[in-house]
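The data below hold one chain only, encoded as structure tokens and taken in the form predicted alone.
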Amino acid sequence: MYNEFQELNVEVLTISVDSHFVHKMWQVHELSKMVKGGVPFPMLSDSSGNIGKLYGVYDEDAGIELRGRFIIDPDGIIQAMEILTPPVGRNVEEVIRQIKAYQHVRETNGQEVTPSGWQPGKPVLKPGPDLVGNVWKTWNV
């Protein structure tokens, strides 16, 4: 689904405590069998765990980084994060939905916000005093 991220003008990076040698082996022996040509985005090494520590995903005792996903806006502000323990994978469709929602809010300068489960083209909310007690009217459209 990398093409969808590119269409949304989103940069994708993966970071782990694994060395670039491990990433190369993972790419050759696993990823290239799941994705034609392997993953097309950078796989970065955080062997010291410093980046993981900054983002709160580094497990000192185990020497690993938990599965963290961060949506960072063009201003460098984390807008969303999800941290999962190793046995559970992420949902890429949900990440794309959230990116579209954040981009919509940004494009409208916060004049429109997205309700739970929002999809592009669905009703949005216009924050302000008039919305209080009236969310249900938009929700049921």
Partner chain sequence: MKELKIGCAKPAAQRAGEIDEANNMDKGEKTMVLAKVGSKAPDFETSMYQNGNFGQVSLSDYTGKWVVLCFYPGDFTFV
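Positions refer to the first chain, counted from 1. Values in this document were obtained by computation on a predicted structure and should not be read as measured data.
Not on display, but discussed next: the form predicted together with its partner chain.
Counting only non-hydrogen atoms and a 4.5 angstroms cut-off, does residue 115 reach its partner chain in the model of the complex?
Contact check for residue 115: no, nothing within 4.5 Å of its partner chain in the model of the complex.
Under a 4.5 Å heavy atom criterion, is residue 61 part of the interface with its partner chain in the model of the complex?
Residue-level check for residue 61: no, no contact with its partner chain.
Is there a heavy atom of residue 48 no more than 4.5 Å from a heavy atom of its partner chain in the model of the complex?
Residue-level check for residue 48: yes, a contact with its partner chain.
So in the model of the complex, does residue 76 come within 4.5 Å of its partner chain, heavy atom to heavy atom?
Flag for residue 76 set to yes.
Going by its partner chain in the model of the complex, which residues of 36-61 come within 4.5 Å of it through any heavy atom?
Contacts from 36-61: 39, 40, 41, 42, 43, 44, 45, 46, 47, 48, 50, 51, 52, 53, 54, 55, 56, 57, 60.
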